[in-house]
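Taking the form predicted on its own, here's one chain by itself in structure tokens.
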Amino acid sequence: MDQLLQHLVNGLVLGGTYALLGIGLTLIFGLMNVVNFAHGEFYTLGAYVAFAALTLAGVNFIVGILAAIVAGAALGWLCEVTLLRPLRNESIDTTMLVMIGVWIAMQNGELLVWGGVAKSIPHPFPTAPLVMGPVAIAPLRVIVLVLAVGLIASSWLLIHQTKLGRAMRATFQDRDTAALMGVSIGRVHAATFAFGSALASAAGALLGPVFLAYPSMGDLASLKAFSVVILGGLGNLTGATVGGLLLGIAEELGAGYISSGYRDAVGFVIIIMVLVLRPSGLFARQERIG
């Protein structure tokens, strides 16, 4: 039982960041009909921005995370305005090819700037674990979980309690009617892509100090994000959150009770089962963001 509790806690830390990835991707895919293959590269961007802020600029940890979020949002907005907006009426195949190009360009740019050697991102927290009964957890992981939960809650508030969130939900449900009601579809798309990219960057900045930063780290992150969307159902923020947590816990349990080499395989086996038994996702809801 003690070992199970330890694995569950570790799984929640991973799951919280997976949820951030999934929320960003489900918004972009649901509202814009864009298969964002570059989503994982924004995750990598967040890790490297945090590394630069903490190592080169010497800022504190929270400021480093905020810098990663701002960088992800800015680059996401630029990507939508310059690359995706001119292709809004093109087929999904065209935008897929464009996003594959963005993925390759960003990954090679990171390799050019930072080199191929993995970077260890510094943090100010002690390495001695916090012991709470049978569970021991590093202070850094506690901070990562708390910040991830805060960002998930902020995302929910933005979608449900702000004018921008209402415009996003209206665009998801019926783009033409939303445009007739005065919603600027171009602004909503730009804000959506920037917001989703910012969440991916936040996930990279949070997990980067836990593991390492390297140019290809976003490849697996993209697969995890798509997995979370499949689990949660398209356009369902609650589903993406729960799906991310389930994926993180499943991976941690698989690593603990089977083998660490099968950590990623366990998650993808679950995805295959969901696709076979419930293709619309475990928490799919009809035509909604929320």
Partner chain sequence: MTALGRGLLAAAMVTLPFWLADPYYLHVVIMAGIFGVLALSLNLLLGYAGQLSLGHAAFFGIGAYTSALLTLKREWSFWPALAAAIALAAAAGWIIGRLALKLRGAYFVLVTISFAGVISLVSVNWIELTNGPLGLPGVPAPDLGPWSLRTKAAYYYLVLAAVALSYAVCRRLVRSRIGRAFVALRENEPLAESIGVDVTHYLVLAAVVSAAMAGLGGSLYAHYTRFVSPEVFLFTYTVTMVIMVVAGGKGTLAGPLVGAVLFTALPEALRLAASWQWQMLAYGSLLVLLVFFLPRGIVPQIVASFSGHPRSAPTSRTPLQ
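Positions refer to the first chain, counted from 1. Note that the structure is a prediction, hence the values are computed from the model and not measured.
One more form of this protein should be noted, the form predicted together with its partner chain, which is absent from this view; the next part is about it.
- Checking 146 to 154, 88 to 96, 179 to 187, 163 to 171 against its partner chain in the predicted bound form, the stretch whose residues place heavy atoms within 4.5 Å of it is 88 to 96.
- Taking the partner from elsewhere, every residue among Val102, Ala105 and Leu112 has a non-hydrogen atom within 4.5 angstroms of its partner chain in the predicted bound form.
- For the residues Ala67, Ala52, Leu234, Leu246, the 4.5 Å heavy atom test against its partner chain in the predicted bound form is passed only by Leu234.
- Contact check for Ile230: a heavy atom falls within 4.5 Å of its partner chain in the predicted bound form.
- By the criterion of a heavy atom within 4.5 Å, Asn33 is counted among the residues contacting its partner chain in the predicted bound form.
- Residue contact with its partner chain in the predicted bound form: Ala265 places a heavy atom within 4.5 Å of it.
- Residue contact check for Leu83: one or more of its heavy atoms lie within 4.5 Å of its partner chain in the predicted bound form.
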